[in-house]
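Only one chain is given next, in structure tokens, and it is the form predicted alone.
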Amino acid sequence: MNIEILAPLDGRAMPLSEVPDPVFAAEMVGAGVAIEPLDTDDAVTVVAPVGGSIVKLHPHAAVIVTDDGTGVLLHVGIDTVGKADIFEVRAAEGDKVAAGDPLITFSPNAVRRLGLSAAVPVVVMDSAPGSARDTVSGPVTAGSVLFTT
């Protein structure tokens, strides 16, 4: 089954190999694409890249399982675990969401001021490395197709 994974925020799409985290860069969690958010202090809302059920939701990350059982993880920033004060959760575990529904709000530059990467990897969990198809690179807007699986 082909699933379109949509960009969860505006920014610059880049290969996972450019993410400064060896687990995401090696696609150990799954194949996908990352987005480097815009250079802004403004609040940015990260939206659901697919429709489905939120099975995990942390201030910095979410897992959505589609109706066909595909798990999609998005992780807001690198090494942002434990930095809950810079994120605002906009949904709840167990919520049924449509692609484009708000999940998390944050300021990309607040993450960068901590010396951390604001990159947002979006991966299909447990997929084989390199299995993301029709990947996009360069400027993207929230809701545009990021890749297919």
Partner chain sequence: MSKANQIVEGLGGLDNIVEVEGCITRLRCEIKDAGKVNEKALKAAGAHGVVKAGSAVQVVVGPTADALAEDINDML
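Positions refer to the first chain, counted from 1. Just so it is clear, the model here is predicted, and its values are computed rather than measured.
Below, we turn to the form predicted in complex with its partner chain, even though it does not appear here.
**Student:** Using heavy atoms only and a 4.5 Å cut-off, determine which of A119, V44, V29, V47 is in contact with its partner chain in the predicted bound form.
**Tutor:** By the 4.5 Å heavy-atom cutoff, the listed residue in contact is V29.
**Student:** Quick one: of A110, A99, V89, V63, which gets a non-hydrogen atom within 4.5 angstroms of its partner chain in the predicted bound form?
**Tutor:** Looking at the other structure, the residue within range turns out to be V63.
**Student:** Three residues, F24, H58 and M125; all within 4.5 Å of its partner chain in the predicted bound form via heavy atoms?
**Tutor:** Verified in the predicted bound form; spot residues all in contact, yes.
**Student:** Do V81 and its partner chain share at least one heavy atom pair within 4.5 Å in the predicted bound form?
**Tutor:** Flag for V81 set to yes.
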